[in-house]
Every structure is written in structure tokens, then in C-alpha cells.
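As a starting point, one isolated chain is supplied in C-alpha cells, in the form predicted on its own.
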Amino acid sequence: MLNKYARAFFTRVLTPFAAFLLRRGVSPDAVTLIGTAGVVAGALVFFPRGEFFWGTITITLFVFSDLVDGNMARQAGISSRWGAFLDSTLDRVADAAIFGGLALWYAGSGDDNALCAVAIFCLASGQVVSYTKARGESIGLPVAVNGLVERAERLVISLVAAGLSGLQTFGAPSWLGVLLPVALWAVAAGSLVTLIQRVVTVRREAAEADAAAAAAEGGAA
């Protein structure tokens, strides 16, 4: 849902910056790699230590590379299958680092095995949600469903909650600490619903495609 509207807005906002990078000779692939490295560093350096505010700030600074690199490729007229593949693959790496960093916190100093398991479920379900769409499309199906909680929602919910929880370091009310656990449970539940939505959609589309193919064969005979 957020992906549909927020992406268009931020693409317009970041277009001048993308054009600036192109004029400086920076390639879209370099932006993709640097952005992912920044997200991974922010998640795995700060989150396992419970420094959620600074981790969120660092991740947010780099996460917009996902919009900038594609914008650069379109402006330069060099969009390619390789660029799309690299971008999609490194998105999965970045997502894994974010939820992996949260899981490490709860497995260590956070001392909450249940939330550690929820964070791991968020990591795994996010990967599978993305896989179902990619796999469905690879066998020729449109997978015409957005789903309740896609990547944009997972990141916004988790990072906003983590950042607000991290404000406790600066003397903010202690109740802010409950936001991150609530967010993780919400993302986990939403990801499960989205996974079911996509599986049901692929099953329906596959059945329709098989029926159409069988009818075409029968007509040809």
C-alpha cells in the first residue's frame, strides 16, 4: 500500500539528487551497493547493542538509495535486467540485516526469546513474501495482488518504532519502549496475511492459466 503512493512521492523529491550524482559520474550500481552497505552497517552495529535511535537514523539515511538508483538508471536510460536483479537481491540483504540486528538484541542484552523469535519470523516471512511474487512471475503469472504488509510497510513500521523506542536514551518516557515489540508483532502478523494472500492469488491464477491452456489445446484438437 505505502509502496504505491510513497514511492512516487519520494521519486519526485529525489530526482534532483539522482541527477546530481549522475553529473558526478556515480553509477546506479554503486549507489545500490553503498546504500545496502550503509543499511547493513547501521542495523548490525547499532541494533544488537540496543542503540535503536542511531541505528534507525543511519539506516534511514541509506535506505533511500533503493529509490535513487532506479531513478538514476531511468534518467540515464541505462535500466537493465542486471540492475533490477542487483537491486532486488540487495534489498533482501538489507531487510535481513535489519531484522537480524533486532533478533540479536533480543537474543542478547534484550533478553527476550519470544521477541527474538518474532524478529526472526519477520526476517524469514519477508523473504518468503518476496519470493512468492518473484517465483509466480517467473512461471508466467501476474501475481496481481499487493498484500497487506509489503516491504515498504515492514520497514516503516519497524524503523519508526525502533527510532521512537531509542529516544528513551535521551530521557523520553519509558512507555516508548513498548512500541518496538508491538511493531514486530504487527509486522509478523501482517507478513503472514500477505503471504497467504499471495499464495491464494498464485493458486487461483495458476488454475486459470492451466484451464485456459487446456481449453486452447482442446480447441486446436
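As the structure is a prediction and not an experimental result, all values here were calculated from the model. The first residue of the sequence shown is number 1, and the count goes up from there.
Just so it is clear, the following notes concern the form predicted in complex with a small molecule, a form of the same protein that is not shown.
In the model of the complex, at least one heavy atom of A84 sits within 4.5 Å of the small molecule. At the 4.5 Å threshold, heavy atoms of E51 stay clear of the small molecule in the model of the complex, well away from it. Among heavy atoms of S109, none comes within 4.5 Å of the small molecule in the model of the complex. Taking the partner from elsewhere, P28 is found to have a heavy atom lying within 4.5 Å of the small molecule in the model of the complex.
Residue-level contacts in the model of the complex: of G38, G70, G190, P181, one residue has a heavy atom within 4.5 Å of the small molecule, and it is G70.
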